[in-house]
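The form predicted on its own is given below as one chain in structure tokens.
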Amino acid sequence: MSATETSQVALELIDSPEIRQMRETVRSICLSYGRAYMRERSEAGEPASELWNALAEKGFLGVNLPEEYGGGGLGMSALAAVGEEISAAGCSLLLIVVSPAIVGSILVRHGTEDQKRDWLPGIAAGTTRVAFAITEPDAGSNSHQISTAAKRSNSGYTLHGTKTYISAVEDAQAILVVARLRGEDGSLGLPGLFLVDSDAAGLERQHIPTALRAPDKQWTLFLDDVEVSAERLVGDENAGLAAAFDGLNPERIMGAALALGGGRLALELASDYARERKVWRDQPIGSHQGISHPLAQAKIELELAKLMMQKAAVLYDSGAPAGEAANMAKYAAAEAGIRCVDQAIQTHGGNGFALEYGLTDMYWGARLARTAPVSREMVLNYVAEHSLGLPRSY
């Protein structure tokens, strides 16, 4: 659907019975595992496979993908709802951002028919998990300067380069790698997208320890003359970043959804504590405006961010330009989520730092949203340039 055909697209403010039931079921499944399960998986250094499989069995991991390829046909709006509920139950899964949202969306819009039929059913079922590799040590947010190169070979392409902060590679069967085609003169052209087996010869990985307590890990990838067949090229070999951004806008939407879910959980924990904790005159601390007003303000900001996230998802699903809304949604949700977690810690006082309350586990997850998948500063750059027409500053 073209942008000119989307003037009647509506943002539904009330969940349909189908989406409401989906939210309730996802939440029930995740609560049956809970935050203790996620902590155990993280400490064991293992993925949350049981939870992933439980969600996959009900078809929730591919609700955004077309029905003809095994998905639910409900678009990013539905997957964002799934992501929000997973996070609100304390079971955030980074792989749901990467495999069905980023890679799945790119394949739907740019994959060949054979690629769609080979990859999408498995991604939709959760049995095929695909990571996404674009960030590099010397490029960071500047995707135009990535140096990972793809050189034509007899069998297809040979990839060489380094990627960093790539999520959940340990539980993926393949990785969608962004690389620039190297010409005969050694120059690098526009980026292309290549599906690489995670156990391909010449592909090595190194774990990046982080403060984030989560089962999904971060990795640096080293590609040393990794052979990729021509059939693994997604889209044109000079597809450019436009194809990649058909996955990065969903990434921003899902990043917002996870931040919103984490914010909801933090406010729930803080409100429960504020209703029960008594310090002065046998009244709960939640009766004092010094406690209640900051929590109320955080709730308002969270709901406003949710509206922008829903708008971005609807725009993306309709085929309309979604870059502005997706970036704004990610920005707003990250800031609101951080405020919620920070205020929950403050509401708990000294107990906010006690491990048994779990708020310190939540902090780095919330704080991550301000930096990734795109930093707050780069979102402001985007809005200044594209929304306000101001001169480019970078």
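What you see is a predicted model; the values in this text were computed from it and never measured. A residue's number is simply how far along the shown sequence it sits, counting from 1.
Beyond the structure shown, there is the form predicted in complex with a small molecule, which is absent from this document and is the topic of what follows.
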Which residue, 319, 189, 140, 290, has a heavy atom that falls within 4.5 Å of the small molecule in the predicted bound form? 140
Pick from 123, 133, 243, 269: which residue has any heavy atom within 4.5 angstroms of the small molecule in the predicted bound form? 133
Any chance all of 167, 218 and 368 sit within 4.5 Å of the small molecule in the predicted bound form, going by non-hydrogen atoms? yes
Which of these stretches, 253-261, 157-165, 279-287, 298-306, has heavy atoms within 4.5 Å of the small molecule in the predicted bound form? 157-165
Taking the small molecule as it sits in the predicted bound form, is residue 372 in contact with it (heavy atom to heavy atom, 4.5 Å or less)? yes
Could you tell me if residue 378 has a non-hydrogen atom within 4.5 Å of the small molecule in the predicted bound form? yes
Report whether the minimum heavy atom distance between residue 108 and the small molecule in the predicted bound form is within 4.5 Å. no
So, in the predicted bound form, is residue 212 in contact with the small molecule at a 4.5 angstroms heavy atom limit? yes
